[in-house]
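In the form predicted on its own, a lone chain appears below as structure tokens.
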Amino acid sequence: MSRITVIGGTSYAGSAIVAEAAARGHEVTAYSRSLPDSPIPNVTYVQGDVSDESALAAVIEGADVVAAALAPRGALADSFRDVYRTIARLADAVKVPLIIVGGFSSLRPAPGAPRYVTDLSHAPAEYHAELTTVTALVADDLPATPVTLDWVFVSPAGKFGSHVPGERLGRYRIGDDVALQPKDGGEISGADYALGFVDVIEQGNHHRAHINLGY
């Protein structure tokens, strides 16, 4: 079993990943600004701010894998990319893989096509800055990291979040940076995204890559 640190471990995607990894017997540490009302058994919760580099270093050092599930809003609206640069640098320093919860708009509709973020008419205007920022992470920042950093950026299907939690079906499909089109009308639930995400961690088949999960 692996020692997995989940940064943003009480967020929607982060908490699902924490639950899935803990259920499989991994040693899980969840780092976040607030503690959950209902802690998951056998999970170590650490409360802290992602702007605190020494606190981040403490939860990253000793991990076998670092997962990150942060969103560029609230306190991170202006510092999201800087925080991820710090996380990437700390993960690279101790040579642990960094697996990141991505966003749908960073994907492409077809091989070689522009990313969805180039036309954000599919999303409300109040989210455009967030979508652009998340895309910049995988389009610009992660490829610019040292080749010694092993990273994977895992985008969900288009309709993903606490507003559409869905049900656990125990299945998913995995693709590259071209968005999977749902075969049965569904997108992907939080539980099944976490299922695929932890499989990515365990299988270790993707390196410095952008992938996506869907039904």
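These numbers were taken from a predicted model, which means no experiment stands behind them. Sequential numbering from 1, following the sequence displayed.
What follows is about the form predicted in complex with a small molecule, which we do not show.
- Here the chain stands alone, but in the predicted bound form its contact with the small molecule, taken as any heavy atom within 4.5 Å, falls in 27-35 among 27-35, 168-176, 142-150, 58-66.
- Although the partner is absent here, G48 is a contact residue: one of its heavy atoms lies within 4.5 angstroms of the small molecule in the predicted bound form.
- In the predicted bound form, the small molecule sits beyond 4.5 Å of every heavy atom of G190.
- In the predicted bound form, the small molecule lies within 4.5 Å of some heavy atom of A71.
- Looking at G214, you'd find every heavy atom of it more than 4.5 angstroms from the small molecule in the predicted bound form.
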